[in-house]
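Encoded as structure tokens, the following chain is the form predicted alone, with no partner shown.
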Amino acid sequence: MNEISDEQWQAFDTQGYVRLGKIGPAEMVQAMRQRIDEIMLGEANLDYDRMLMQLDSNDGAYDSAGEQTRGHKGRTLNYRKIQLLERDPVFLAYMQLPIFAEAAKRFYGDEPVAAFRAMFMNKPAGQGTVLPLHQDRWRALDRDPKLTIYTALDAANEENGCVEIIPGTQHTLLNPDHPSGFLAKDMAQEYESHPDLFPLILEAGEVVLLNPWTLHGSGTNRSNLPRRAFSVCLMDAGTMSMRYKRLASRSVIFGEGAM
């Protein structure tokens, strides 16, 4: 697949997501799977002090997952989240595939585009942390990111905790008071039984484009295999963090100054 059709973009605008199928070569997806295992096991030649890493919870509860901080947390495949993967050549090469540059250009034109999050998400075999329904929206940013590129590194289904979404929810910010877009308790209970909530069942290597405001979450992994994914949130490279009074990211992926 070399381009995204008008019909697919129309579906994205209406539903808040679109499935693109398998984009990168199978060898590239396999290289990312192998690389992330090396990173988790402490075998990668990289500066771990520059990586944000979080261990999975032991009981599946979101609030009991490990603290997300810089540095390696021990030799284990039970990491929940690893961020700043744009600094790794294997993941950067995938992020910069031409079709993703095309997608970024639709939202940002010829302006430089940065990675707000280039993130590994993991549901380790037999466990995994529940991710409550939420919208990806960060109040500390002076403008909202417009596109997330989600790639299934393993097959994803209901048994192993695939992402669940509610199409069409990207048009309204549901809980603007929350700094990260999570729903209030009563609102979450309402949407958990929403008739349009459905699982994104994907094959390994499949790609989904998401509007960051599309309501999504995921459950635990009841299978004996991991459910790994790579998620990249793209934003205007000029986006400022109002919390830190600086650019939200210095990792330009597309356009002038790209890595």
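Start at 1 with the first residue shown and count on from there. Because the structure is predicted, anything quoted here is derived from the model rather than measured.
If you look for the form predicted together with a small molecule, you will not find it shown, but the lines that follow are about it.
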{"property": "Non-hydrogen atom contact Glu159 with the small molecule in the model of the complex at 4.5 angstroms", "result": "no"}
{"property": "Partner proximity in the model of the complex: Asp136 to the small molecule, non-hydrogen atom cutoff 4.5 Å", "result": "yes"}
{"property": "Leu84 within 4.5 Å of the small molecule in the model of the complex, heavy atoms", "result": "no"}
{"property": "Heavy atom of Gln54 within 4.5 Å of the small molecule in the model of the complex", "result": "no"}
{"property": "Single option in Ala104, Ala118, Met121, Leu153 placed near the small molecule in the model of the complex, where near means a heavy atom within 4.5 Å", "result": "Met121"}
{"property": "Candidate stretches 66-74, 31-39, 210-218, 191-199 - the one whose heavy atoms come within 4.5 Å of the small molecule in the model of the complex", "result": "210-218"}
{"property": "Site test, Thr14, Val18 and Lys146 vs the small molecule in the model of the complex, non-hydrogen atom cutoff 4.5 Å", "result": "no"}
